[in-house]
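Here's a solo chain for you in structure tokens, the form predicted on its own.
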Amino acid sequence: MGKADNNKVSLSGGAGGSARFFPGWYRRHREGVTAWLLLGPILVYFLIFQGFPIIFGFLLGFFRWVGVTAAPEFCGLANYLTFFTEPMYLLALWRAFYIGSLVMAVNIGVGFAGAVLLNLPIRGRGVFRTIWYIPVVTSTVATSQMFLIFIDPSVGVANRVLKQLGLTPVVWFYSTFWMVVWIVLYSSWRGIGFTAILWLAGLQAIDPGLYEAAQIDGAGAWQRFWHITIPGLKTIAIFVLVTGFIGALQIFDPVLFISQGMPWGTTEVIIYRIFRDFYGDFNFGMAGAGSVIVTLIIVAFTVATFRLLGERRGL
């Protein structure tokens, strides 16, 4: 009898130390305790490496802080007023919209065409899908260096091709037009695979029975595409538009590794300007204000897009 009682006690206490002292409370909240034990480390990680930088960057915008050794000085909204009155920041914001819109248009258009091709019932579809997605997961530093070699004015492949065609070589870094073209091409090459995967997910979510029924009713390929495929992609289209805009406004890697704002700052976008404020000029206050403004623009666009398109289409 004593052994049985001891076994019962050990079993009841084996669920955890808390159960020995608070058996009733633990039984009622066992799932919640388990969830917090699992999510706790993730939340701590997020607060340290995500939450704190966000709060710190937000507070930076209200201080005038130039230089590592200088003490921060509260200035209220002065940094935000400087952002909207200084042409340098407004031009950088406009270039982000301009260059980012070109990248987004190429990604959405070519990505959709690629998704339609990848959705065809052909042999080896998995291999082709992997090939399309490889640029997304490759190293930005490595691919950008290869791209720089390609457009090198002296030994680059692009100028060698021009010479073979009897054309005059181009010093790409001194041409705003060509630097924008190269930035768009590189960014599109890096991002088309991700956009194509999103479109492909939307295509595969459409019920195949709708196509079969439409084909039985005599609908042609174009009619099926226009009346079934396009309406069936409305949800994923909003997601692609929002993520595309966020990526476009945050374009940074090709400017940092390829153009570096050349020529004469004409390809400097807003994220690169914020980067230079913080790491180059040590103007921490303006960097914080710029980060907050970009975040607010993204949030406003996302909310407006979901309200205008989502509610109109019953999403």
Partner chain sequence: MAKDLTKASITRVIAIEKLKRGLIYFILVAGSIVFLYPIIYAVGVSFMSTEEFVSIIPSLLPIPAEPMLGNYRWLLLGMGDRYMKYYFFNSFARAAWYTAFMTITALIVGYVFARLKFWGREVIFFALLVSQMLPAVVTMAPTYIMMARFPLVGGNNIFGQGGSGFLGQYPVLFILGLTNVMAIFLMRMAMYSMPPDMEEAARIDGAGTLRIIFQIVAPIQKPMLAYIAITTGIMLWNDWFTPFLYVSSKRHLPLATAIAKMTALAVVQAGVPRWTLIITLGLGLTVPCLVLFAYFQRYIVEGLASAAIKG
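Positions refer to the first chain, counted from 1. Keep in mind it's a predicted model, so treat the numbers as computed, not measured.
The next section is about a form of this same protein that is not shown, the form predicted together with its partner chain.
Of the candidates L167, I230, I134, L77, I134 is the one whose heavy atoms come within 4.5 Å of its partner chain in the predicted bound form; the others do not.
A heavy atom within 4.5 Å of its partner chain in the predicted bound form is found for one listed residue only; from L93, I108, L118, V184, this is L118.
Heavy atoms within 4.5 Å of its partner chain in the predicted bound form are found in one stretch of 174 to 182, 80 to 88, 95 to 103, 157 to 165, which is 157 to 165. Taking non-hydrogen atoms only, W264 never approaches its partner chain to within 4.5 angstroms in the predicted bound form.
When its partner chain is considered in the predicted bound form, L210 lies well away from it, no heavy atom lying within 4.5 Å. In the predicted bound form, at least one heavy atom of T140 sits within 4.5 Å of a heavy atom of its partner chain. In the predicted bound form, its partner chain sits within 4.5 Å of a heavy atom belonging to L148. Contacts of stretch 76 to 90 with its partner chain in the predicted bound form, defined by any heavy atom lying within 4.5 Å, are made by none of its residues.
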